[in-house]
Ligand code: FUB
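What follows is a single chain, given as structure tokens, in the form predicted on its own.
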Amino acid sequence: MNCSKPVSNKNVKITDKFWKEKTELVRKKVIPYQWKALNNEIENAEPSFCVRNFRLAAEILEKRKKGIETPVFSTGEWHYSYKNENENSFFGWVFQDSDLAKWIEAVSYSLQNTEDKNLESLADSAVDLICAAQAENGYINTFYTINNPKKAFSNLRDHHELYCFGHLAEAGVAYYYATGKSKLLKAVCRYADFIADTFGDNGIKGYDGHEIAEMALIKLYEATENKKYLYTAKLFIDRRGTKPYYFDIEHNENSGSDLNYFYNQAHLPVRQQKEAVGHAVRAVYLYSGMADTARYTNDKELLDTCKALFDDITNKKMYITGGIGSSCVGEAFTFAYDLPNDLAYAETCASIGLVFFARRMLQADYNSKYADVMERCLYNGILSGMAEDGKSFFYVNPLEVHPQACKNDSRKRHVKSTRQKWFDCACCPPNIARLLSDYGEYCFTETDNVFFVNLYQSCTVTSDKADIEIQSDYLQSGKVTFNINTKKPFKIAFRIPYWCNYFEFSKSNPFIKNGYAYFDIDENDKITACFKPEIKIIKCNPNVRENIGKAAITRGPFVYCLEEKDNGKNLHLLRLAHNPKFFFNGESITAKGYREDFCGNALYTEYSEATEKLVELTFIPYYKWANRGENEMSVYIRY
């Protein structure tokens, strides 16, 4: 199987104003803020207990080494509160450990971007804390270490041990690549060895309830070349969905229905799964691990399954913003074209997971549609998850918000009209931090003889093929210039963005295949590409019932929205003029439209043509909404 690999974040130096601002915000504001949150130091925010749990676990292990008996607490819940638990028990969600792991991973990528000795020292202390909470057999999980170590791996379906391991493993690899320090990597390898032995051919026949262990084991395999980790990842994938269902065995149940396993993507063996179902984050994390495993084991059937799942998501179940998982019930996919705007879940983590999946598919199948999806998510449904000051966050990313409904309609209480300082279930904020810090690693992939340009931004990039300086005005004029200092002959392949109808290159006669324009590079060269960004009116497939008669506005990679701050209350009374003339001021877009005059208080009246007045409509990039206080928002407008 011909595969590409990403150019390391370490070899990509972002100079782009847009993305440099985001990565520096994460380094200077978000990472320090999240460290405070993990230490319960944010006033009026949900407490995390994450660091506290690691400290307590380390203390308990030290006592046990000395033969001191420690108390045992309940392991039957998903969440433990200081209000109703013993002060010496675990607090928070059972997966709380993962937040610290993601924080270390974000720090790692940030250190690749910018040297920061103080931040590195702080991360070293976090690594020491995690390692101090490691049992002698390699096991690391504060929930079971604190509450009852004898119950370890007794509830794979619900209690996230393998999920927490996955994040720890990814943090260990990232910190090693960033600093050369192997303490955490060695610790997670000990844990991975314990898992491989525990779940090997002669061990527990289970697999993770919340997937991520698969792609984390692949990362360990890439870092160590230990084939045991690749084998264990494949074992988890091959076991999933086979009968008898392991989760039935684990819980001494007989589900009686495959439907009970859709949530965990365990309803069928993975190679028989052609439709994305269940919890959206779990799904795309699993599919990412499947794509990785398919590449390394040359499993065409598994890769074909991944292609079918990717197409099902992006052609039938993805919002225009790159959001996935439309239902708050189970944070899940529902059915094709079910994409409600005001009830949308579209968890930030789910869009991040879709980027993970898309990047891995791009490595195995050179097609621009995967990078197109990465771009859609990054510029819209992911950036919307964090405020512009880096100090508040969205868990849910709706496409329409009426603040009164969020407060008074129980069906919409998962939707917040303002970003939150933190969450007790805080998976999204550190996930954003680690992805944005690692942005450089999503920009380019390469094979032995081809260098693929997947995302466009100003940066310098170092490869064995060339040193390339990129000067980008991609978001304004669409012009991108590549100064190529060639080390050996190779091909460079430029992605033609999905939104671009008109493009041109300064170098003639490109070979175009699967959305990439290929050029031969034999010597130092300079190539200018221009991808003309136009304002577009976009409609949905008519099977998306909520958006019949409506349209969205886009320009380049950005989706736009209306806000009450610019357009007044009752956005649902607005419509876009027929064939409007748009004006772009460098960020917002204006156009003529109409506001329906609503007269009288009668609930029902005989139908008559609406009376409207001409108004000027203002659209802002979707990711910027709710940065000016609480107000209505809508992506779609009547047209």
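Counting begins at 1, following the sequence as shown. All values derive from a computational prediction rather than experimental measurement.
Form predicted together with beta-L-arabinofuranose: not shown, discussed below.
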Quiz item: Among 157-165, 126-134, 472-480, 533-541, which stretch has residues whose heavy atoms lie within 4.5 Å of beta-L-arabinofuranose in the model of the complex?
Solution: 157-165
Practice problem: Taking 4.5 Å between heavy atoms as the contact cutoff, choose which of I204, C425, V72, A336 touches beta-L-arabinofuranose in the model of the complex. | Solution: C425
Quiz item: What is the one choice in V281, L111, L435, C459 with a heavy atom within 4.5 Å of beta-L-arabinofuranose in the model of the complex?
Solution: V281
Quiz item: Are all three of K13, E24 and D116 close to beta-L-arabinofuranose in the model of the complex, meaning a heavy atom of each within 4.5 Å?
Solution: no
Quiz item: Any chance K234 has a heavy atom within 4.5 Å of beta-L-arabinofuranose in the model of the complex?
Solution: no
Quiz prompt | Non-hydrogen atom contact E563 with beta-L-arabinofuranose in the model of the complex at 4.5 angstroms | solution = no
Exercise. May I ask you to check whether F452 falls inside a 4.5 Å heavy atom distance of beta-L-arabinofuranose in the model of the complex?
Key: no
Practice problem: Report yes if any heavy atom of E214 sits within 4.5 Å of a heavy atom of beta-L-arabinofuranose in the model of the complex; otherwise report no. | Solution: no
Quiz prompt | Residues of stretch 392-406 in contact with beta-L-arabinofuranose in the model of the complex (4.5 Å, non-hydrogen atom) | solution = Y395
